[in-house]
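Quick heads-up: the structure tokens below are two forms of one chain, split into structure 1 and structure 2.
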Structure 1
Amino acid sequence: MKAPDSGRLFRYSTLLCLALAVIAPASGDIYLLNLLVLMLIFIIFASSWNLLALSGQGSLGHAAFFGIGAYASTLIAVKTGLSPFIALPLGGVVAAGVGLLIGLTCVRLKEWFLAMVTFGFAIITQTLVVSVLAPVTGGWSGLASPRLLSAAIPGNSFIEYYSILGIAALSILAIRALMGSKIGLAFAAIRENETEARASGVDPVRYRLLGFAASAFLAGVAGALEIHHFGYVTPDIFGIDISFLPVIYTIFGGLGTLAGPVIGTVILTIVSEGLMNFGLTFERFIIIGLILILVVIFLPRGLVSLPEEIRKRWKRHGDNPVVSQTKKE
């Protein structure tokens, strides 16, 4: 699974993207800056979903963790007066705690069952937030959330942008380090063949739970970032759309690769935003849905596998005459 990540081309394009991300705010365009902030937040979110997939699991209700992180961080910041920068990882920790609980219930579930339970879990969370927890969460009307940086600070949007860029880069590096470590090997072993993994002394339950908690932590941080960026949180954050976006971005880019969620998020955000500017509010989702269907059917390993696929097809083309010659003999 690592193959598409290696190679000089990949390293250069990573550097190029980073350079672009660093100099982009120089344009001074606030619209562009906002778009990039959302892109970075969803890069973290999609990467967190991808991490869960790497541990051999999946979720159709990742919005639950996104939203829990957002609400927890907001409440912590409001109640204690702490800076959102400190509340942010704490929100992630709360999300990770809930993720651990969900992981415990899902540890024996696979495929459809796992998908359905996680799907339902986001709805349960939303129901709880608007009913039992309404006195704390403000119910359907939501909560005002402190900004990451007070608007009084000069250049606050730039500092905010670079902070989020830093957090996104850090998250991806952390996932990379995790996948390169013994834990990553254990994940791969469980993903490929659970029985064999167990036979060679890997405890699947422990690593599954770890995968769930780590993924929920990152999703929670991403949710908290989004809410501190907008300054407001409502139960809509648990919506089905929010659960599906990281899945779509990751599948489009390439499931199970480090670059997949990043590429998927960047391209699809640009496509979606571009179509929106043409006034295609609903049509853009039709196009994104069609893109997803086409990718699943024709390019199941995502966009990152495109160069490899083209090379393969090319080679096969070149080989053809040779094959027919040998057949004649």
Structure 2
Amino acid sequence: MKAPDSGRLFRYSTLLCLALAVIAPASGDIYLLNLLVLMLIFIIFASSWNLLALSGQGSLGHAAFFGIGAYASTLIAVKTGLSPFIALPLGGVVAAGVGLLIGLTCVRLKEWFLAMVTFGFAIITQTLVVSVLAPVTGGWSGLASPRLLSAAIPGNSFIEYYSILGIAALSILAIRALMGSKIGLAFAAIRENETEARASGVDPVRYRLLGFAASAFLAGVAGALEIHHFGYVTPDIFGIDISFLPVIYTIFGGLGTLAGPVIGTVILTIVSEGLMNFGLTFERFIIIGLILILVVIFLPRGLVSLPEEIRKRWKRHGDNPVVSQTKKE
């Protein structure tokens, strides 16, 4: 019996997910539409964190860039009257600029030392937003943010959903193009062996700064999208839980892979929402925690490696002498 083709399975799964993403809003369920929007936003956010990991760096405070993009986009849209669609990338640019400054001071640190710095930076940023910058940011009360599309526009919810779907798709395609370029090769060289990369003429500092800025930009865009979707921003956006979500989604789905953040975000969001709908408000965290432990133990490369593991088991089963003899008889 022929083993399943994992590459073909992945391609078919991708096409199926895209088809479902396009037709899902047809049900007209506002709850489902809102869930899909948040899922897409966190796919962008998780992918931004994964991009940083691909450049050989780590972050435990990515909510800082998520929140900076949200506040920057809101303030730009409010103060200038620009459309949120224009303010979105500008918020991402501000987040990238801050990320570049953090990178300049900490880029020579090893992964987890850098991760601790970003964790502390997220806490400092939240503190500044609610204290020193309160006259501008509104402190703990937050700020009203212009909606991505006016409620007066017919079908605004559907237009917003497909706009965010397009932005998510463009973000993933941009990361794919980046990782397939010379920059991606430099990232891989630095991640595997920085000394050898340097000997080959690759400047680790330069490429790490680029990776940090690109990751912060996408995180800022994701944060701006969330806030323009809800129409309000508060300092809670810098919370520790927001920083840990992209880490969990990416590792669960498959660290260092393009599909990992997408798979992790979709499946864990569906599981979490499904359990909550069954009334398991707090118990769901225990169940999700157990699922994460099992995946890390039995699928250390994440769910994205599941087709390959199935193929290997299938092959071992076919190569088993007892099974082979049974088939002949």
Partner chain sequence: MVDVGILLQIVFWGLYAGCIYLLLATGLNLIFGVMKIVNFAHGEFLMLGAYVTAAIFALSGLNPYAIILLTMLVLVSIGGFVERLCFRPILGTGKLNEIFLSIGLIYVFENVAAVIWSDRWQSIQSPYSGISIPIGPVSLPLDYVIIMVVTTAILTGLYLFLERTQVGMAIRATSQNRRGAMLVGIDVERMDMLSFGIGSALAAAAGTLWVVSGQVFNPYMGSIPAIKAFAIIILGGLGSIPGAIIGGLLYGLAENATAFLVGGPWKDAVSFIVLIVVLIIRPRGLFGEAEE
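Structure 1's sequence is the ruler for residue numbers, which start at 1. Rigid core (definition): largest C-alpha set, two forms, superposition within 1.5 Å. Not measured: the values here are computed from a predicted model.
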Next item on the list: Of structures 1 and 2, select the one representing the form predicted together with its partner chain.
Entry: 1
Notebook entry, point to check: Core-aligned, is the CA shift for A26 between the two structures 2 angstroms or more?
Noted result: no
Check: Do you see a C-alpha shift of 2 Å or more at I288 between the two structures, with the core held fixed?
Finding: yes
Check: If the rigid core is lined up, how many Å does the C-alpha atom of F298 shift between the two structures?
Finding: 3.0
